[in-house]
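One chain follows as structure tokens, the form predicted alone.
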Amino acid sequence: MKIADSILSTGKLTGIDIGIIDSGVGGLSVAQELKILEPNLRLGYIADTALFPYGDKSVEMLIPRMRYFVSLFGEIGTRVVVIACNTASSASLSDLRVHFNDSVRIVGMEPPLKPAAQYSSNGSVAVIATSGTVSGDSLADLKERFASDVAARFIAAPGLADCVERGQMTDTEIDTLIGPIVQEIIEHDVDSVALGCSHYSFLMRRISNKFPANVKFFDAARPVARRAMQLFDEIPKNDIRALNQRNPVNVFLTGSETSFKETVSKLEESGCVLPDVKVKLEKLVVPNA
């Protein structure tokens, strides 16, 4: 499908500076950080809610899906795209960079294990992530590259991303999901934790006070946004964006508009800070899905 036939060309979009792809609301944490860096950025966001969560999806399923979404952005001139999901990044990043070469610069997301290891006082760190990220080869490779001299534990957190995606972040539910993780952190004297899922960014404030006071948390949303902005600034610009436009994030969905909007509202009600979003009304249909 060419972009002219897809919903990314509707709504009189004049352009998208940076595209973001995730299975749900998690990548809005990256969008928020990008808006802090440059409020006038024109952001496009594909929320593949029809396939949420990515955490348990195969490489064979994710690679063609990521290729398709990146191609949609590329065909309207977007030169920087963020894969705002650790599992999807692990599955598809190498393929995407070869497939698109430099026509689209791809920014992946990985658990911030490197800073967690650097700032650990006792050399005992942990990564909290989805089952897909914990079981993938990329996390082991990340440890070998950046944390080989520390004791690093990879802890799966089943249900935590789902909790955020539903917007149901009651203390009771969070305690149930976090309790076993807190216990493991205490048992192994972990003092530095890397959050390995973009959805967890919205939980960081809520969960950090449930851990021992000496435990430091590291989230990937801000460094990923900085990297995307760095790549965007390197690209020659053919247009001049009007100052003080404060554009909302244009969101394209593969699933329910109602559910997505309800989740955003619930997250805001619970105290999470999200960018302004504008949901496009037509559903984005993925070929052969």
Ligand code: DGL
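Predicted model only: the values in this text are computed from it and were never measured. Heads up: residue numbers just count along the shown sequence, starting at 1.
Here the subject shifts to the form predicted in complex with this ligand, a form of this protein not shown in this document.
A heavy atom within 4.5 Å of this ligand in the predicted bound form is found for exactly one of Ser192, Ser201, Ser92, Thr130: Thr130.
Only one of the listed residues (Val81, Ala116, Ala152, Ala161) places a non-hydrogen atom within 4.5 angstroms of this ligand in the predicted bound form, and that residue is Ala161. Taking the partner from elsewhere, Tyr54 is found to have a heavy atom lying within 4.5 Å of this ligand in the predicted bound form. Of the candidate stretches 193-201, 97-105, 135-143, 119-127, only 193-201 has residues whose heavy atoms lie within 4.5 Å of this ligand in the predicted bound form. Residues of 27-51 include none with a non-hydrogen atom no more than 4.5 angstroms from this ligand in the predicted bound form.
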